[in-house]
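Next up: a single chain in structure tokens, the form predicted alone.
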């Protein structure tokens, strides 16, 4: 089953990064990579999607922000193009960005109604196929020659069911992440069949319901920030939205994932060999600046 499309929600307000996010979308914050090039976060995520052969990338945005993203990916005005073209490296990057712009589709989320709603806005564009979903404020760094998305895609291809990337996370960080538990089905490759999913659980709930065989005490499997879903996820989201099943005032993706798991029975997780950086958290953004450009 080919994964032709990737979805990157980028319609959030970035309230935890205010006031910087007042003038610069957090997905446009610059991060210096191992090659010394300063790219905005969204550029890295588009490249991650291309690493598994995605042909189209949908970016979910607020309508008023479309010009911000277009101005980055679209071709430079002639006067600026001539100036950047004088530097071979900059000219090469500009050529790359122009090529990427042809693969990008902008999907509007008119109202802020939660992450689940942002994903649901792409239902018509995705259609019946499977797709890669990446959090727009996360950055991914592989620990080996396979990108994080490639590691996820290989599990999807093997089991042909929805799969979430996960990472072992200490109990004090659970308040930031969706968390799951499951039965190990390939210990050497750290693959699990998921048996329960919960959004940002308390330490008490996690200790009672989310322990995973083989993990150290107070370590849990939290979402890595990327998933591959079959189109069935949209039926789960429609179920919530049509019944106005909001949580904390929003439509949550995690609840749809738990419903998908319980009804479909084919939901998997794999520990990604790499590192996620959640720049939506100020302390994590600081860590990203310090560590992302270093050899892993």
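Positions refer to the first chain, counted from 1. What you see is a predicted model, and the numbers here were worked out from it, not measured in a lab.
One more form of this protein should be noted, the form predicted together with uridine 5'-triphosphate (UTP), which is absent from this view; the next part is about it.
For the candidate spot formed by 34, 40 and 289, no residue has a non-hydrogen atom within 4.5 angstroms of uridine 5'-triphosphate (UTP) in the model of the complex. 112 is the sole member of 98, 160, 112, 90 with a non-hydrogen atom lying within 4.5 angstroms of uridine 5'-triphosphate (UTP) in the model of the complex.
Segments offered: 163 to 171, 130 to 138, 208 to 216, 180 to 188. Contacting uridine 5'-triphosphate (UTP) in the model of the complex at heavy atom distances within 4.5 Å is 130 to 138. Not displayed here, uridine 5'-triphosphate (UTP) is approached by residue 10 to within 4.5 Å at the level of heavy atoms in the model of the complex.
The closest non-hydrogen atom of residue 274 lies beyond 4.5 Å of uridine 5'-triphosphate (UTP) in the model of the complex. Taking the partner from elsewhere, residue 26 is found to have a heavy atom lying within 4.5 Å of uridine 5'-triphosphate (UTP) in the model of the complex. Proximity of residue 222 to uridine 5'-triphosphate (UTP) in the model of the complex: non-hydrogen atoms within 4.5 Å are absent; the residue sits far from the partner. Heavy atoms closer than or equal to 4.5 Å to uridine 5'-triphosphate (UTP) in the model of the complex belong, across 14 to 32, to the residues 14, 15, 16, 26, 27, ordered by sequence position.
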